[in-house]
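First comes one chain, alone, set out as structure tokens in the form predicted alone.
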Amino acid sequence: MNLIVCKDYEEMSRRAAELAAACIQADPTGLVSFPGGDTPLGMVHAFADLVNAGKVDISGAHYVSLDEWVGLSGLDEGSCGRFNRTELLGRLQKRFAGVHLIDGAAADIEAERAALDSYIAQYGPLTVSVLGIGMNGHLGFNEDGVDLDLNAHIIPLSETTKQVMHKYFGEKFHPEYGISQGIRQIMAAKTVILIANGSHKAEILRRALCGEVSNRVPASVLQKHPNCYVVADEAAAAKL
């Protein structure tokens, strides 16, 4: 595991974007996955800037979203699909060869889960998987207690995640389930980049990187990944 401690959020975002771009440069026809949310916002903007400056060619690569709230479409406020469309794809002056975004509002959510599996099977394994870490150590919606051997799956949201989701939805929406790439698919990625910022992530990052490997802290499984980078600002890395 490679630890990169950055001065602040901006440096963390830039370094993670540069690492992701380097992975694509090494595998131009690979499969790429980024998370949504507050932590990766700066990273996806920095990545789009690299693409638009001609520093990385994504024209042969495919993109797949990491997860989605069940019940939300890609047009809904707070959805991961909307994040991808607005903060990443909409900023790119050049396009990926193909894109698969999870539709959490699909009438047949099991078919949507199967479609996610199929896309990763067709274009994967992942060349690079960028991930955030939840307050309970989740990766995507691989919540605490998840089966680490799963591919794409639909999972009940943990109480911790339900508490955090209020910053996205307030009282407007109360999702009970998430749909997510599985730990098996994440661990099959050639490179994993875990990003974390802020003092509120310091304890869970310590548990993930220094504690026992267990599904109680899903991110701890990354200790076993052969090519994992952890990019954190000083506040998040304070307990390492």
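These numbers come from a predicted model, not from an experiment. Sequential numbering from 1, following the sequence displayed.
There is also a form predicted together with a small molecule; it is not shown, and the following applies to it.
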Query raised in the report: Pick from 129-137, 146-154, 107-115, 93-101: which stretch has non-hydrogen atoms within 4.5 Å of the small molecule in the predicted bound form?
Result: 129-137
Query raised in the report: Which one, 37, 211, 42, 175, lies within 4.5 Å of the small molecule in the predicted bound form by heavy atoms?
Result: 37
Query raised in the report: If you check in the predicted bound form, is residue 69 within 4.5 Å of the small molecule, heavy atoms only?
Result: yes
Query raised in the report: Contact between residue 62 and the small molecule in the predicted bound form at 4.5 Å, heavy atoms?
Result: no
Query raised in the report: Would residue 123 count as touching the small molecule in the predicted bound form under a 4.5 Å heavy atom rule?
Result: no
